[in-house]
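Take a look at this single chain, the form predicted alone, given in structure tokens.
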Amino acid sequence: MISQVVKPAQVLVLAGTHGNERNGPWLLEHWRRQPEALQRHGLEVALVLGNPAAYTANQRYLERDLNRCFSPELLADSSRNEADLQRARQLLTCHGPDAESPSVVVLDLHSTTSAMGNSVVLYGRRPADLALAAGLQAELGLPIYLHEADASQTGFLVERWPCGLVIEVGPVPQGVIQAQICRQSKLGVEAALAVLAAAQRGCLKLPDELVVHCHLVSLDLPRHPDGSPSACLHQALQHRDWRPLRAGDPVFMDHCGKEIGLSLPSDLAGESVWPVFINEAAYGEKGIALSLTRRQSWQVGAEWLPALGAIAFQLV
């Protein structure tokens, strides 16, 4: 349970949650040297490198994915002391909503080898998160992936702060810094701060609707009985994130060039689904070749803006 913050709070801008994603950490250093772009909205911003040890090693993580270390049960398990889990506890102690200098909003910067463009990832349907995402979509037109109802993927960092989202940009290889990726990440952070500042002043106007891609299921590559891949991603699907698919469309190709079409359950018969994180390099270990979503247009809830305003009012 996150206690209510009464002390003036900060926005936590965090990058390098995965140590081989280099573009966000590059931006942190840029902002430390030239902080004017983040200061013009009058909000206090804490710039934090998420996983310094993994960053030094240029590895995604050391022992456990830091962005899966934030479930309350795992954080409270005193018998678990992996380096990445210890870092999760340290981040909450130093920068969480109950810290000496608390943060109530977190913007977690990530990059991906998938062609996600400049996008937003949400975990769950907290009204303040949805309001912040709606403001970003109105400002920059960013697509939104709502990751929920996936029991195999839990413990995400942003869930432990009262408000937060991931700014996800790609494609870029792991360990590589690209100017366009940095620029898109920078635009996302600056727009988010503008939305928060407008909410704090009471002048934020949200759009009438929010377009969301809601998680349905993740697909693994077809595999042989010994677990090795029996097919790879179909060439027609590579770099086609956010493009609709229908049952029967080719998604995989075996060693002989035989196409394997998309199979959908009966309740999705006749529908289009929208793939995201196609062929993300880091997800191979998780058994994910791509995730499928349902595209929906939601009416902006009456409670969204007040929820974000209540959080923004706490910001310095």
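One-based numbering along the sequence shown. All values derive from a computational prediction rather than experimental measurement.
This protein has a second form, the form predicted in complex with another copy of the chain, left out of what is shown; the following refers to that one.
Looking at another copy of the chain in the predicted complex, residues Arg33, Gln178 and His224 each place a heavy atom within 4.5 Å of it. In plain terms, the part of the chain that comes close to another copy of the chain in the predicted complex, with a heavy atom within 4.5 Å, is 251-259 out of 64-72, 44-52, 251-259, 268-276.
Contact annotation for Pro244: none of its heavy atoms lies within 4.5 Å of another copy of the chain in the predicted complex. Under a 4.5 angstroms non-hydrogen atom cutoff, another copy of the chain in the predicted complex has His239 among its neighbouring residues.
None of the heavy atoms of His95 is located within 4.5 Å of another copy of the chain in the predicted complex. Shown alone here, Asn81 lies farther than 4.5 Å from another copy of the chain in the predicted complex, counting heavy atoms only. Taking a 4.5 Å heavy atom cutoff to another copy of the chain in the predicted complex, the contact residue among Ala197, Leu233, Leu140, Val217 is Leu233.
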